[in-house]
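Take a look at this single chain in C-alpha cells; it is the form predicted alone.
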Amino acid sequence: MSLNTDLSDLFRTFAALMDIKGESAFKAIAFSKVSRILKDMTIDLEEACRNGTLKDLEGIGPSSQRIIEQYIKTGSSKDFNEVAASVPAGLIPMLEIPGLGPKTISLFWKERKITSVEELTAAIEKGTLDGLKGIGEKKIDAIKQGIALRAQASGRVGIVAALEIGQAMLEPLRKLPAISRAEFAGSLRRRCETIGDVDIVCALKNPSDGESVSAAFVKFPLVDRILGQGPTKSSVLTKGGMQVDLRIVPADNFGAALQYFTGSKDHNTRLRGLAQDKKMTLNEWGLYKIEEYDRSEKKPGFPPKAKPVASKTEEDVYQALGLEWMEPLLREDRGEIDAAQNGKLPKLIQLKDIRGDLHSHTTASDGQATIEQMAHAAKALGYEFLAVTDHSKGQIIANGLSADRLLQHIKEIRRVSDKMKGITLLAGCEVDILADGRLDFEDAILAELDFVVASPHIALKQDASKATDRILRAIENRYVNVIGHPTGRIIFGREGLPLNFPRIFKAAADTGTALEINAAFPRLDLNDANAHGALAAGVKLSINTDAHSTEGFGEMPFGINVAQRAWATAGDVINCMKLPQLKAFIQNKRR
C-alpha cells in the first residue's frame, strides 16, 4: 500500500475512534476530511515533509501535519496510538463491518460490554441486543449481513491495491539481468475486482539462474515474510499481508506457464478437455502429444524431456488447440472458447477509444478542483468532451446544488467551455434518484441541462420490487441519459440494490438510456457480469470515473477493465462516440 493510503486509513480510523469515545465531533469531522484528501492526493508526502511544504497543502491543519510528519519519520503516530490504547483492541476490527458505524459500536460497547466481532456475533445469536435504542430487527439483519460481507472479504484486497502491490514486486523483478520476461498471471492479470493473492510468472535467460532470481525476489523491499523459496517457485507475504507467488520457468516454457497460471479454473478445464480430444495433454510446461508425454522422463519442478507441440508463447498454445488467442480478461469460461473456435471474439474496447468522461464533480459540490482545472486535466488526457455533473440538492453532505445554484453553475460551465479550445464541456448534474423513483429536480430544471446522470444514493436496502420500480421510473424520464452506479454497491462495504436486471435492461434499451460502469473503486458498478447482461440486451454503457479531483480521472482504466470483462467494444460505449453522435444520443431520448 502507498504512504498516502496508509495515512488516509490512519486518519479515517482516528476519526472513528474519536466518535466511539464520544470526543470532539469537530475534530473527528476534520480528521475524516483529511482522510479523504490524502486518499485522492498524488503529492509525494515524504518529499513534502522533507521540503517543509506540508503546511501549504489545503485542508491539512497543524495537528494533522504533526501526525503526518511523525508517521513518516517513525512509522506510527503517538496521538493515534494513545487513542487506540484507550479503547478495547477488538473495537477497531468492528469498524470493518459494512454498515456498522462508530456511534453504534460505541453503544454496543457502553451498553452491552461488546468489544469484538466475535462477541457481537454471539450477542446477535443470543438476542442480547434487544431493547437497545435504535437497534431494531432491520438494523440487526443489516449488521448480520455486514459481518458476513467482512468474512467474505477476509484475505482479499481490491484490484487497485493489489495492482499497486503487484507492480512494486514486478518492476524490480524485470530489472534482474537473469530475467528475459516477467508478467502478472492469475486473477490480477484477468483484472478481477478483488484479488486473493498476486501471481507472477518470469522467464529465465539461463535455466540455471532460478536460485539467484528466487534469492533476489525474497529480498525485495516490500517483503515481510518468506513462505517458500526455491529455483522454480517462491512465495512471500508483503508488509501489507498480501501473498505474492513467483513461478520461475525457462524461456521456452514461458507461454505455457503464463497461460496455465492466468486462466480461471473453469477456463483451463475446458482447454484441457480440448487437448484430450486432440490426443494431447496441457499443463504449465506446454502442450504435448499424450503418447510422447507419457513416455518422457519427468522431474518435479522442471519441464519434461518430451518435445512440446507448443509452449513458448500463449499464441502458440491457443493456435495448436484450434483457437484464436484471447485477451486474459475474457478467460473465465463464459463463452470465450466457443467464440475463439468460430472466430467471433469481440474487439474489446481500449482506453484510447474513450473520447470523454461523463460523470465528474467540481468545487461547486464536493469536488476538489474548479471547472477550469477539471477541464484542463481532461483536455490533457486527449478528451474531446467532459460532462460536469455536480450533485443535486438532496446530497446535503456533498454540498448538493439548489435549483438556483445549479442554474448559475450551468452558466459558469458554459462560460468556461466557450473560452476553452480543444474540449467541449457539457453542463450536467448527478441527480439523486429518490426512494420512490422521483428525481431530485423537476423536469423544468433538468431541461436546462446538457446531460443528466441519475444515481441512487439513499434507501439502498430496499427489496427487489421497490428498488427495481424506483430505477425504472428514473429510466423512463426523458431527460435522464445515464443511470449512475445503478446498484449503489460498495465492494467490501454493501451489496447494493437487488435489482431485477432483465426489467432494467429492457427499459434502458427501449428508452435509449445508458447504464454506467463507475470506474471508481470501490464501486465498479455495474460489475462485469451485469454489464455483460446489459450488452446482450442491447443497452449502451457509459464508463465514467465519477472524478472528484483531477487525479480521479486516472481511475478510468479500472472501468475499462470491467467493460472488457463484459465483452464490450468501443461501439457499445457512449464515451467513445464523437460529440455530434453523443448529442444525437441525448436528443433522441428527449424527443
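Rigid core here is just the name for the largest C-alpha set that superposes within 1.5 Å across the two forms. Numbering starts at 1 and follows the sequence shown. Predicted, not measured: the structure shown is a model, and the values here were computed from it.
In what follows, reference is made to the form predicted in complex with the DNA, a form of this protein that is not presented.
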{"item": "Location of the DNA contact in the predicted bound form, chosen stretch of 25 to 33, 554 to 562, 527 to 535, 540 to 548 [non-hydrogen atom, 4.5 Å]", "value": "25 to 33"}
{"item": "Every residue of 127, 382 and 516 near the DNA in the predicted bound form, heavy atom within 4.5 Å", "value": "no"}
{"item": "Answer option from 233, 503, 312, 494, heavy atom within 4.5 Å of the DNA in the predicted bound form", "value": "233"}
{"item": "Among the candidates 341, 319, 363, 283, the residue which, in the predicted bound form, approaches the DNA to within 4.5 Å (heavy atoms)", "value": "283"}
{"item": "Interface membership of residue 242, the DNA in the predicted bound form, 4.5 Å heavy atom rule", "value": "no"}
{"item": "Non-hydrogen atom contact residue 60 with the DNA in the predicted bound form at 4.5 angstroms", "value": "yes"}
{"item": "4.5 Å heavy atom contact, residue 247 and the DNA in the predicted bound form", "value": "yes"}
{"item": "Touches the DNA in the predicted bound form: residue 197 (any heavy atom, 4.5 Å)", "value": "yes"}
{"item": "In the predicted bound form, residues of 95 to 117 near the DNA [heavy atom within 4.5 Å]", "value": "97, 98, 99, 100, 101, 102, 103, 104"}
{"item": "Displaced residue check between this form and the one not shown: residue 560, CA, 2 Å or over, core reference", "value": "no"}
{"item": "Residue 133 C-alpha moves between this form and the one not shown by 2 Å or more, core aligned", "value": "yes"}
{"item": "Residue shift check between this form and the one not shown, rigid core fit, residue 527 Cα at least 2 Å", "value": "no"}
{"item": "Pairwise C-alpha change, residue 97 versus residue 238, in the predicted bound form against this form - closer or farther, 3 angstroms or more", "value": "closer"}
{"item": "In the predicted bound form, shift in Cα separation for residue 194 relative to residue 34, 3 Å or more", "value": "closer"}
